[in-house]
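Next up: a single chain in structure tokens, the form predicted alone.
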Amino acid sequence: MVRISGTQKKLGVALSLLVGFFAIGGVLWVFPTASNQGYAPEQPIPFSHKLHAGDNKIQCLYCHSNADKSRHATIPSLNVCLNCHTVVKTDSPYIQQIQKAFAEGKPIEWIRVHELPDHAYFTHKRHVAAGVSCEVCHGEVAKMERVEQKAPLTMGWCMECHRGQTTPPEVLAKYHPNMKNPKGPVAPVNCNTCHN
């Protein structure tokens, strides 16, 4: 029988902890969290939501016209931009870039900011119909020069709302008028609602 000394036991425990630490770090590196919170990429053409949605009070649905009708909010087509920009600020080199791309039938390659994992099903239509304002998930876009993902958009974050913990008061008032402090779900929480 081999006897293990106290020092060897301590060394074994330390080595096990070190291996475990690196294994967990490796898993997190390979499978990062789903959140892109704070992501604010530079777009190919600078676009100020502060100017358009904030200062000029253009409604979200004017540009993102499918948000109340479909799963996706969609990025507006160039002709939506040109509804105004055939007469507004036409001397801007950025607007001229948009006009040129439109004339050539080429899209602007905008960089997506808010993105969920492929295994998660989300529909804007249901949330807009329920009275969830765009700001709940997207932050105060009307104050953003460059759009940033403000919310984590993780499963846990969504479930907090569906379980009634962070549900916007206006949504509770509409669908659950007697539930100021709900004790249970206020929206579907079964797995196949978002993972089908």
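These numbers come from a predicted model, not from an experiment. Start at 1 with the first residue shown and count on from there.
Beyond what is shown, the protein has a form predicted in complex with a small molecule; the following relates to that form.
Contact between Q59 and the small molecule in the predicted bound form is found at the 4.5 Å heavy atom cutoff. Within 4.5 Å of some heavy atom of the small molecule in the predicted bound form lies at least one heavy atom of P117.
Interface membership of A40, defined by any non-hydrogen atom within 4.5 Å of the small molecule in the predicted bound form, is ruled out. Remark: P169 does not count among the residues lining the small molecule in the predicted bound form, judged by a heavy atom distance of 4.5 Å or less.
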